[in-house]
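Take a look at this one chain, the form predicted alone, written out in structure tokens.
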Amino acid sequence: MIVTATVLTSCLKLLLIPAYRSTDFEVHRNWLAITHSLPLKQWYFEETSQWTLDYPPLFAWFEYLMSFIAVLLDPQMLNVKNINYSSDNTVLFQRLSVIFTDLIYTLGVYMCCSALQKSWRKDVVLPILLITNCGLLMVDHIHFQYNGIMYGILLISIAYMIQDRFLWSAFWFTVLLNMKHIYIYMAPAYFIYLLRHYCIGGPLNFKSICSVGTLKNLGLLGSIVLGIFIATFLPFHDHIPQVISRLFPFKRGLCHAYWAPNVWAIYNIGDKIGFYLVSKIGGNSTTPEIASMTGGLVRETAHSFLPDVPPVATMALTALFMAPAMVKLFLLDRRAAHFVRCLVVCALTSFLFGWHVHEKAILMAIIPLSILSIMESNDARIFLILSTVGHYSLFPLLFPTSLLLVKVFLLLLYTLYAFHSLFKLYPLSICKYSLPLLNPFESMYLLGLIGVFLYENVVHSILGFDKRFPFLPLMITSVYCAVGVIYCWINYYIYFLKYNGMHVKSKINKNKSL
């Protein structure tokens, strides 16, 4: 099934080669040019293009290696001064490079499925849910990015964790961090699980914690993690502060250009409504652009009614809301399902409260949750809600009208399969008026996405709001989807904290399920 799903999905990816591509296409072409044409000491200083290199060094080396193939097809794409260069060979090379590197994702899917107990749900349902993920298709193969290889490495790391091969899991996750630092969202779960079940291992007492075995394991783990970081950053040792400044550009503002569906979308809309009401009460009929319903989506850095939110506040909130999950994970027995659930909680918490969160980061929760969806009905229920609303929230990335049917088709096909297959695993129907596995409220919420879609693509134009409120549809989409993501986070967090698997002695190995 994995091979079949990969081949069929790859055929679809080939059909999408001439499709719309975002500015990220130029971003990665520029990074190819920087790493190929300039000496290493200039990589993180080069700023001819506004799309400067801002990924960790391992991804820069990845671009560097690809550039030796790119130069054979069109050397001009590797000219730093060729801004927005997009010859046919350039487009073909970059599109095919994403498709080819997706084989790492396929390998990750295979390793995760192999680590689980043999069953129909693992051999058929899980591979299809992972390989045909419509979010990856939209983000990587239309919008354009290299998320497939990243999530492939993540799945490889998870597969090793399922098998209790802790050092290999840590190795691949550290590699992942040094390719794309956004995965630091998941690092707390890795740290706690490895500390408790690899480093300490035994009972929680002074003798066990201070034993030679614990210190030895801690040293081995630390050596692997630090070794990879040192090997990655050592070539840039004379300008590491410059590299760090590129990786963490806090001046970009609280929110991305299109508000990710998180708590800050709710906060921003509250700021706009509050300013509008105060202005009306004060008799000011004309409000400045910063408070208009269209002014908050493009590089706004200040709020006009509510207090501004500094980066340190988002970090503090994220750490605060993660803390209970970390304590729970530390106390739970050694079952990989606990670890993967905590990964989902960490990803959602960071997505909801993080600084300058990209809407694409929702996939960090959806993809690991796909693995859990075949394990228990509650995991499946949250997966169905989160994957539907999370994937829908990516629609604004594909804004050309020519892509309207494509993105709707991708979402509908994936969502229908998810509901159908998971309902076969868990034939639960709360009432005849609700969707499978969902209650009436959850069903009404998901069906409400139809209304959001109709307003964005039909009603908004009919009302003549195109020029007066051009970004209103995006704001509605972001806020509506934020409600669903927050709902999933609260429900899943409570489910994780209430899980009664404490003090159960069980050892996960290759022949056992999660």
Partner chain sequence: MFCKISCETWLVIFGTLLAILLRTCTSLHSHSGESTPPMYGDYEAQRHWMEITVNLPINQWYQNSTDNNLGYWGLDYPPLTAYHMYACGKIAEFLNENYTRLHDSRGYESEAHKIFMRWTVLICDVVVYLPALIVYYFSTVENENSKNIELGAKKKKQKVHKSLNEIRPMSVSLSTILALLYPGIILIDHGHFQYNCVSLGFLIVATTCLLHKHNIFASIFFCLALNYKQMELYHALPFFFYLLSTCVAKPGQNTIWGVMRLVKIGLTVIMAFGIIWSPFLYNLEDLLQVLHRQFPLARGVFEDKVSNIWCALNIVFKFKTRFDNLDMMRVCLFSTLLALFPSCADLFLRPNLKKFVLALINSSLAFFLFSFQVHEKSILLVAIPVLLYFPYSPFPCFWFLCMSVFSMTPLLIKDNLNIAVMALTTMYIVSFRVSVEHAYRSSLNTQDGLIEYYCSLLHSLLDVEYKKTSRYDLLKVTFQQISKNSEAIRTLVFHAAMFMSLLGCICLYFANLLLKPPDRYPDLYPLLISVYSCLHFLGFFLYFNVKQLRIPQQFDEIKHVKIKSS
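Worth saying up front: this structure is predicted, and the values here are computed from it rather than measured. Numbering follows the first chain given and starts at 1.
Omitted here: the form predicted together with its partner chain. The next part is about that form.
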**Message:** Give me the residue from 306, 215, 412, 444 that has a heavy atom within 4.5 Å of its partner chain in the model of the complex.
**Reply:** 412
**Item:** Contact assignment for its partner chain in the model of the complex, among 253, 127, 436, 396, heavy atom within 4.5 Å
**Value:** 436
**Message:** I'd like to check something about residue 281: if you look in the model of the complex, is any of its heavy atoms closer than or equal to 4.5 Å to a heavy atom of its partner chain?
**Reply:** no
**Message:** Residue-level question: is residue 244 within 4.5 Å of its partner chain in the model of the complex, judged on heavy atoms?
**Reply:** no
**Prompt:** Does residue 17 make contact with its partner chain in the model of the complex, using a 4.5 Å heavy atom cut-off?
**Reply:** yes
**Asked** Can you check whether residue 92 is within 4.5 Å of its partner chain in the model of the complex, heavy atom basis?
**Response** yes
**Request:** Look at the candidate spot formed by 11, 406 and 420 and say whether its partner chain comes within 4.5 Å of a heavy atom in all three of them in the model of the complex.
**Result:** yes
**Asked** Of these, 180-188, 396-404, 160-168, 336-344, which stretch puts a heavy atom within 4.5 angstroms of its partner chain in the model of the complex?
**Response** 396-404
